[in-house]
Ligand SMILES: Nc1ncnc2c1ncn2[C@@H]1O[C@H](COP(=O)(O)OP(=O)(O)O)[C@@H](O)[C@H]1O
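Quick setup: one chain, the form predicted alone, written in structure tokens, and binding and motion questions come after.
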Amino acid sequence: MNSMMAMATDNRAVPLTDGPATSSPLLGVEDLGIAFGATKVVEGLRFSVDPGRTLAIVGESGSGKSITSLAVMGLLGSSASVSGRALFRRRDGEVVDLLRLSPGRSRALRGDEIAMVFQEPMTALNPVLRIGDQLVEVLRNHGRPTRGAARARALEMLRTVGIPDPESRLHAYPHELSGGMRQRVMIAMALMLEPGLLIADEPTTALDVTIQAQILLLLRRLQKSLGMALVFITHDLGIVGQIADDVAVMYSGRVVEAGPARAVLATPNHPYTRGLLGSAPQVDASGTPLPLKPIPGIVPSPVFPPAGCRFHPRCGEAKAGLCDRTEPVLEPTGSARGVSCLRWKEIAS
């Protein structure tokens, strides 16, 4: 079974697959809802991902991507109200709901069977601890090898992620490394115990294109060698085409389009997906840059979401009396795809 998104048409999960499921996914998120007080920031989110496959979650800042990953990792504070389920299949075959684990069990899973690469390594790494100590701490916290063996494993992982002169880097502090090397350290730390699931939250943000390409290549290589599932969070659809098997496009806390990455990028059905593609730099066959087509406006505040389709105030295809009144649901469009748009058939034709 491929990594997939699921749709809610009658409050039940409808997998976006062409045939029956052959096995349970490694991670299956069902009806995820996140709220702070009366403000809902994520609603009815469903997705799943299988070992060895990559699901990209895409959207602008404020669409709910990062907070979804924090909920799955059990890292939201007590002020957040989380509903739904996040079913994770452990190495021993046990299926647990990540949203209902005790703090102790959640800590035991994090870093061991589930790991995360955070968006900004300079704030995720401890500035007063040497790189080697931070890597060793991952193993020691999970009752793994002696300090000497843990240090040897840390050195091995720095070599694995392509850091030059890893012996000296073990003794360096985070501020002594470049942005690209700090990101590699974060990846090494996340993979110390070879987790089955890796969540990468904007791991290439603020990196130049050369380093960005190296990080993407590294993630693909490590995923292939370890057979792990990857949830890749980004705002850049251009990156999706390089790394993802499947994609879910989020807007204002909801999925608006989902399906195989190549199909969605080639023929997007939702106006928001097309807007994201149009906002990315592109060139024609001769190499001449094409004009950018930015999406007007901003993602609405979850405190005062617009009526009807939440994208309609920014959508050039919105129809008065329909899109501003009726709330769309994610419906199947064939070929393991889904879209949440009232007019997608008209627009496509």
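Sequential numbering from 1, following the sequence displayed. Everything quoted here is computed from the prediction, not taken from an experiment.
From this point on, the text means the form predicted in complex with the named molecule, which you will not see here.
Comparing 48 to 56, 280 to 288, 310 to 318, 35 to 43 against the named molecule in the predicted complex, the single stretch with non-hydrogen atoms within 4.5 angstroms of it is 35 to 43. Using a 4.5 angstroms limit between non-hydrogen atoms, P302 touches the named molecule in the predicted complex.
Heavy atoms of G62 reach within 4.5 Å of the named molecule in the predicted complex, making it an interface residue. A residue is said to contact a partner when one of its heavy atoms sits within 4.5 Å of a partner heavy atom; I67 meets this definition for the named molecule in the predicted complex. Residues in 116 to 137 all lack a heavy atom within 4.5 Å of the named molecule in the predicted complex.
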